[in-house]
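There is one chain below, alone, in structure tokens, taken in the form predicted alone.
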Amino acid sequence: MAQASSQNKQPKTFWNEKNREALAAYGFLAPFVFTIVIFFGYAFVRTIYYSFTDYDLFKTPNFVGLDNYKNILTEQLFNIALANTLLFSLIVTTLQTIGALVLAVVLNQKLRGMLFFRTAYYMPSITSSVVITLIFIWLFRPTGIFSFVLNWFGNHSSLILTFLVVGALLQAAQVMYDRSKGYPATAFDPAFLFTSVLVGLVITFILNALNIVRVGDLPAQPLNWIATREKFLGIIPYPLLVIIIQNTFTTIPTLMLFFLAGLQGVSKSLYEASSIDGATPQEQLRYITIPALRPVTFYVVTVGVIGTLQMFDQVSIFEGANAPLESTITLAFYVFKKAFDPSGLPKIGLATAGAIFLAVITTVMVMIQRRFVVSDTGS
């Protein structure tokens, strides 16, 4: 009996089923691994090597130790690029994450024609970034549409303020009166809101007709948003602010898709149970939607941080539109300028040192946000 069972056992060989499956998997991975090793691993090692040398692509690299890192840390242009990069990354990542989440929640509603709106909102993401940048440069030129809109609001600010104050007072009066009667009126009750808007418009029109509230007659003043070194609130250079607006506008739709996909996996029973318990839409968003989307939020923030730290193309185009270099330069563009210096020989040592510095900053920022945003694995 024991002899028969031993004969049924097959000898262990290397070409068993488990090893054949593993070998097949490695075979499929081989092209990708080869690409990573040659075009990324080898390039990264060479970048580290060149960062310790004085090299201009023509002469033999001369080892200089940490001189390149010392030089860029004391260079004014590098410090400006570092400040612009961190400022840009912080603002854009925050705005695009919040905007994408809000847009996904809105587009997740089951309403007629929602597919059209989903498609329309996604259009900016598939348009060429060069084309979008040129459009924004045209919008923000001194006599562009944005300057015209600001001038129009400046002249009509008294009318707008009158309408808002009258409408707010009417809305508050209606809500307070309804609540005094014991009815559960909300601050933005649609019926009251319609009445407040309509009466507010009529009162504003009458005050304007009686010349009590007048439209201003300030002449159109060209606003320079591109070719300027001035800063918004003394912090953000105006050209960089335009790039922030453009980048946020074009990246929100893509990140919205990730949140929208994540919302499909949130159980509807959670919202139904919370509605029965009297939870408001704001409370559902805070206590159900946002916690359920933590893995997606981790991915969105990671992609946003990496993308904003490596922003390059918009800065290059804005430089061609006469924007001052120090008003738009980022670390990625700093590396490009040093590697392809139009005023002399390439400074590959400084460029690679800047690239290593950018890689370290990217890694640190991703690790920091990983610490505060719970990922899928709970790490």
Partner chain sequence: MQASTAVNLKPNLKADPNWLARRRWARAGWVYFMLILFSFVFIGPLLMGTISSLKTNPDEYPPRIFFEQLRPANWVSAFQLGTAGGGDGFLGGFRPGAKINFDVSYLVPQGITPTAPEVSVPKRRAGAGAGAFAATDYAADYAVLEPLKQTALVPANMPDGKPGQKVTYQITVNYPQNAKNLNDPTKPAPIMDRVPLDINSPNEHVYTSATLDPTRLERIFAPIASRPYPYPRVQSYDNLAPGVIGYVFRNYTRVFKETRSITTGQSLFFNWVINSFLFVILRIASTIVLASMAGYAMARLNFPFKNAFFVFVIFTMTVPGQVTFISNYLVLKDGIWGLSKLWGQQSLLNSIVGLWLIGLVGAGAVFLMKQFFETLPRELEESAKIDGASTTQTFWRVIMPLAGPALGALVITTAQGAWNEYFWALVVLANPQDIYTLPIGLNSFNRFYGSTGDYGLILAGAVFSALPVIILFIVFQRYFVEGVAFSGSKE
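Nothing here was measured: the structure is a model prediction, and the numbers come from that model. Numbering follows the first chain given and starts at 1. Between two forms, the rigid core is the largest collection of C-alphas that superpose within 1.5 Å.
There is also a form predicted in complex with the partner chain; it is not shown, and the following applies to it.
- Though the partner chain is absent from this view, in the predicted bound form it lies within 4.5 Å of a heavy atom of just one residue from T186, S274, N208, N79, which is T186.
- Checking L90, L257, L159, A83 for any heavy atom within 4.5 Å of the partner chain in the predicted bound form turns up a single hit: L257.
- For the partner chain in the predicted bound form, the listed stretch (208-216, 266-274, 142-150, 234-242) containing residues with heavy atoms inside 4.5 Å is 142-150.
- Contact between V106 and the partner chain in the predicted bound form is found at the 4.5 Å heavy atom cutoff.
- Contact check for P61: no non-hydrogen atom falls within 4.5 Å of the partner chain in the predicted bound form.
- Mapping the unseen interface onto this chain, P291 falls outside it, with no heavy atom inside 4.5 Å of the partner chain in the predicted bound form.
- The partner chain is not shown here, but in the predicted bound form it comes within 4.5 Å of a heavy atom of F312.
- In the predicted bound form, the partner chain lies within 4.5 angstroms of at least one heavy atom of each of the following residues of 348-363: I348, A351, T352, A355, L358, A359, T362, T363, in sequence order.
- Core-superposed comparison between this form and the one not shown: the Cα of G27 travels 2 Å or more.
- Once the rigid core is overlaid between this form and the one not shown, L66 does not reach a Cα shift of 2 Å, moving by less than that.
- A displacement of less than 2 angstroms separates the C-alpha positions of L86 between this form and the one not shown, with the rigid core held in common.
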